[in-house]
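Next up: a single chain in structure tokens, the form predicted on its own.
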């Protein structure tokens, strides 16, 4: 099943080691190449000292790394920080100006697409679209759980994207919308934090059975749950599992994919997210962009285990290579 789908990594995946200064920015970039990836998704706020200013020295260094490791900048991530001033919300014009600033950063880094965080209003996307088009980049709304493709917020965005013709605007699906099983690393952390085993089991079983989680927090409260159990119940209302085939009607708008994962097992399978059913859908839809690894299990195990983001990313790419037919 050879495809033109490309493999990449979001530097978000290495956040634990990067924060602890166990990996430098170049180490992160080099590891993308080491696992056979060709695209680097960078988070300027996290990765660049002095953000939002990009010094000529940093840009020279960045492009030098990209050349040295034979990579390309696949995407940048923008965070619409709407509360920079206490008690005030950024005005519409200030939000558009903020997005334009992130467009300038993406252009400087050589990225063709920008991840627009889910809280970006559709009217801000609309009014930033022409600036993006003029600079040759696309703004892609991250479709992040608990949002999905029939959610009113996403439908508002889709209306704006279709009016744009999908030229400057599009979608960046986050694979966290396909969490079929409750992530084991999350429930086990709750137990280590003192969560009641009976309530943890109740929450996990309800989620895994794809039961109705709308009143789950109320039920956990009625059963005497404390902060740990309530937090886990809230998490269960945040995770969602949708049919991967929901991606097909939107494929022309999809320009990049954040390949979220929580736990790659020893045999290189994701415990919660069925990539073996997602990737065939992407192939069927003719997707030819990046699968960009986004490891988020680190925060759930750091209390008890040494985080090894490099090994987790390596395992995910081994899985991708197999599912994409690279080993055939």
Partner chain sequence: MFDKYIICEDSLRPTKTPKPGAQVEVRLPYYRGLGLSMVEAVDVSVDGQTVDPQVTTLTVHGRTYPFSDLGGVLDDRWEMGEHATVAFPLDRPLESGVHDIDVAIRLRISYMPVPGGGRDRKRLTLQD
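Treat the numbers as computed from the prediction; the structure is a model and nothing was measured. Residue numbers count along the first chain shown, from 1.
Note that the form predicted in complex with its partner chain isn't included here; everything after this is about it.
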Have a look at 251, 117, 133, 97 for me and say which one sits with a heavy atom within 4.5 Å of its partner chain in the predicted bound form.
117
Should residue 153 be classed as touching its partner chain in the predicted bound form when contacts are defined as heavy atoms within 4.5 Å?
no
Just checking whether residue 50 would be counted as a contact of its partner chain in the predicted bound form - the rule being heavy atoms within 4.5 angstroms.
yes
Quick one: does residue 55 come within 4.5 Å of its partner chain in the predicted bound form, counting heavy atoms only?
no
With the partner left out here, check for me: in the predicted bound form, does some heavy atom of residue 234 sit within 4.5 Å of its partner chain?
yes
Which among 165 to 173, 79 to 87, 202 to 210, 239 to 247 is in contact with its partner chain in the predicted bound form, heavy atoms within 4.5 angstroms?
79 to 87
Applying a 4.5 angstroms cut-off on non-hydrogen atoms, the residues of 12 to 47 near its partner chain in the predicted bound form are 12, 15, 16, 18, 19, 20, 21, 45, 46
